[in-house]
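In the form predicted on its own, a lone chain appears below as structure tokens.
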Amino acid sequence: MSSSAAPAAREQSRPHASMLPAAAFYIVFFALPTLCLFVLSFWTADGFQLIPGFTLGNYEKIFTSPLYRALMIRTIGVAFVTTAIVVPIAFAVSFLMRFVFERRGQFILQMVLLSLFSGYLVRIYAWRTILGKQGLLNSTLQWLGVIREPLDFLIYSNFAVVVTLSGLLLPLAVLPLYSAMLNIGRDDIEAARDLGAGRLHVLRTVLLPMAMPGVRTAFAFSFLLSAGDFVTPSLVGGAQSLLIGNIISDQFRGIGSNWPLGAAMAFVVIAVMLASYLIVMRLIRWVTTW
């Protein structure tokens, strides 16, 4: 190899070398554990003993059980409703931060980040104090004379799960959307309006396509995290609002645990959530290009 070719080869190898730490971290802490969990999903359990082998019985049990099907449908429904609430609100907040309150956008962003410092469980218990029968919302409505008795559906229901998850995930959805909005200039919007585009047309043909990376990330955060959550349904949902994540959690702890079944459930959830995510993203792309 000539002396001039050697430095060029080193320059080409530098980007690959810089990716090695991240790739090693990904392989050790994500790929290998996921592979082990996938292999475990084909095993069986006898009491507290794992029996290696290959069987589709765990997956068959999931797809043939009415209970698991109902929990999966409920999980998808809660995830979709939560995402349908979080992403539009986060989009509107990000738009206001970028184009209406531009000078105070960074301050508002700091307030959004500050809300994340309170901790996950603290925010869930805060929503419990708001939605409870003797909570802030019921007490205020009774004091105003709007209701005579506390509203039961505000707590330990699917409504409580959706509201709490929406409050928890909204800051996470704002961050990528605001970042995407920063790449949209006022000139783009003004040019579309000068050409006669209405507000909805500007939203569909300018804002959404240019903010699509942020929309995809916000959707992924909201949809996947809400579908996999098991703490929020336990604390504010009650026994009638448990999601599939609660059943998966139970399979890995407590009496009657079944790790292979829990692993199979986890991969079924991953497959369903990934398929749902790809379908919704294709629909959004179709709307923006129609």
Partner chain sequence: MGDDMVRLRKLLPAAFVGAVLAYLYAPIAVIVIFSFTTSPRLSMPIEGLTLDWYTSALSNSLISTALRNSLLLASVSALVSGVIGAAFAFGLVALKRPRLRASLLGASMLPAIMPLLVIGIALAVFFRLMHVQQGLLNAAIGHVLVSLPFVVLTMNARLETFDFSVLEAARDLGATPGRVLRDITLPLIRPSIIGAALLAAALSLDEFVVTWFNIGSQLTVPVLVWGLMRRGIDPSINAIATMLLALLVCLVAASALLNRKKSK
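Whichever C-alpha set is largest while still superposing within 1.5 Å between the two forms counts as the rigid core. Here the structure is a predicted model, which is why all the values come from computation and not from measurement. Positions refer to the first chain, counted from 1.
Here the subject shifts to the form predicted in complex with the partner chain, a form of this protein not shown in this document.
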Problem set entry | Option touching the partner chain, based on a heavy atom within 4.5 Å in the predicted bound form, out of Leu200, Leu114, Leu195, Val146 | Leu114
Exercise. Counting only non-hydrogen atoms, which stretch in 204-212, 147-155, 69-77, 164-172 is within 4.5 Å of the partner chain in the predicted bound form?
Worked result: 164-172
Exercise. Applying a 4.5 Å heavy atom distance criterion, does Arg98 contact the partner chain in the predicted bound form?
Worked result: no
Exercise. Quick one: is Ala266 in contact with the partner chain in the predicted bound form, heavy atoms, 4.5 Å cut-off?
Worked result: yes
For this session: Using the partner position in the predicted bound form, report whether Tyr59 sits within 4.5 Å of the partner chain, counting heavy atoms only.
Result: no
For this session: Please run the contact check for Phe54 against the partner chain in the predicted bound form: heavy atoms, 4.5 angstroms, yes or no?
Result: no
Seminar exercise, completed: Those residues of 122-161 with a non-hydrogen atom no more than 4.5 Å from the partner chain in the predicted bound form are Val122, Arg123, Tyr125, Ala126, Trp127, Arg128, Thr129, Ile130, Gln134, Gly135, Leu136, Ser139, Thr140, Trp143
Problem set entry | Per-residue C-alpha change between this form and the one not shown, Tyr59, threshold 2 Å, rigid core fit | no
Exercise. With both forms fit on the core, has Met281 moved 2 Å or more by CA between this form and the one not shown?
Worked result: no
Exercise. Has the Cα of Phe38 moved 2 Å or more between this form and the one not shown, judged after a core fit?
Worked result: no
